[in-house]
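Presented as structure tokens, the chain that follows is alone, the form predicted alone.
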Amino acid sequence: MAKESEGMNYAPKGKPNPVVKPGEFTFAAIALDHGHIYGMCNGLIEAGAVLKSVFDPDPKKVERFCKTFPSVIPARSEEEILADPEVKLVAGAAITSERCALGLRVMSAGKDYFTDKAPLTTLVQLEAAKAKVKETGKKYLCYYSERIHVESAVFAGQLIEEGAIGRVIQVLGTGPHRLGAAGRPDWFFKKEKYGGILCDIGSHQIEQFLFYAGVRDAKVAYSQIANYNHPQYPELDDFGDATLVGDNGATHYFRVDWFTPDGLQNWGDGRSLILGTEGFIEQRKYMQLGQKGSGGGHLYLANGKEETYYHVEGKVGYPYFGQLVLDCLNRTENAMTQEHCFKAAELCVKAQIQAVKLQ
């Protein structure tokens, strides 16, 4: 399978929609351990940000990155970027367990931090990140791509905000991924490094629940993990699911797994079903099963007024990135509140800690 058929290389490109003038917002990239760094940088550049420099200790990763972003300047060290007064934000996709430590260094250097999901892997890291945000006043932002970089997910949020399905009372989510083991780095199979499946790709699902259902806090009612079919990787969770209950009574069930078959046209048939008091929304984020080349952005809405199918690919865009840039400049929280970012991180770690091992 081509690398693009794997979720780790998901890097959508939208239409440029700059919210700042050229040179008004400069950022850099540090740590290229996960392919999501490309999507993160694409989104910021489309919002008008300027990607100035990049650093990773692996020259091959830097070389590939520079081919994608030809104007970027390779830095000699992390310190060179952290000392650059022009750089306002650092984007990073480090090994998951190392993302928090990088964020602490970035914020200590007086810059905002934008990390790939999961933003951290332990509750100790969470407390350290919270303390550093309080100490420095800087932002610890996260790329929860399955909501912020998927047009059907963005559109679903807009419909809910408009009241299209009333009060959201349940969110069901599935996040299947293709394993593509041969293309994965060694750290991906070490639980201490990647955090476990509920912490890793489960973070997408929990963040969406908090957002769509307007939940500020939640409890993990139960969670489960298993390694059903990959004994050669004993620390890999290839399956996980969980149920959460929000502080407003809304509920959430999600399933994540590494069982996308090679015959599927995409790296994963990600879906969500959002139930409201006055209707429901179904998303088929990346494909239509049985329709080759169907692309993403499929959404179904049913409520008291209509039953409608929307194909929103290329029509909605990704407003998160422009909001993020302006938040950094204006010290606002329109893209995502710090509380929300950290709560999603907390719950995915707790779901992993509490998980019953099935096999």
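Just so it is clear, the model here is predicted, and its values are computed rather than measured. We number the residues from 1 along the sequence you see.
Below, we refer to the form predicted in complex with another copy of the chain, which is not included among the displayed structures.
S.K.: Examine residue 69 and determine whether its closest non-hydrogen atom to another copy of the chain in the predicted complex is within 4.5 angstroms.
M.R.: It does not: once another copy of the chain is placed as it appears in the predicted complex, residue 69 has no heavy atom within 4.5 Å of it.
S.K.: If you check in the predicted complex, is residue 303 within 4.5 Å of another copy of the chain, heavy atoms only?
M.R.: It does: once another copy of the chain is placed as it appears in the predicted complex, residue 303 has a heavy atom within 4.5 Å of it.
S.K.: Can you tell me whether residue 85 touches another copy of the chain? I mean in the predicted complex, with a 4.5 angstroms heavy atom cut-off.
M.R.: Although another copy of the chain is absent here, residue 85 would stay clear of it in the predicted complex, with no heavy atoms inside 4.5 Å.
S.K.: With a cut-off of 4.5 Å between heavy atoms, is residue 186 one of the residues that contacts another copy of the chain in the predicted complex?
M.R.: Judged by the heavy-atom cut-off of 4.5 Å, residue 186 is well away from another copy of the chain in the predicted complex.
S.K.: Residues 248, 257 and 279 are flagged as a possible site; in the predicted complex, is every one of them within 4.5 Å of another copy of the chain by some non-hydrogen atom?
M.R.: The answer is yes; 248, 257 and 279 each reach another copy of the chain.
S.K.: Given a 4.5 Å cut-off on heavy atoms, tell me which of 118-126, 149-157, 132-140, 248-256 is the interface stretch with another copy of the chain in the predicted complex.
M.R.: Stretch with heavy atoms near the partner: 248-256.
S.K.: Please tell me which of 95, 102, 81, 275 lies within 4.5 Å of another copy of the chain in the predicted complex, judged by heavy atoms.
M.R.: Selected option: 275.
S.K.: Looking at another copy of the chain in the predicted complex, which residues in 219-248 have at least one heavy atom within 4.5 Å of it?
M.R.: In sequence order, 221, 222, 224, 228, 229, 239, 241, 243, 245, 248 come within 4.5 Å of the partner.
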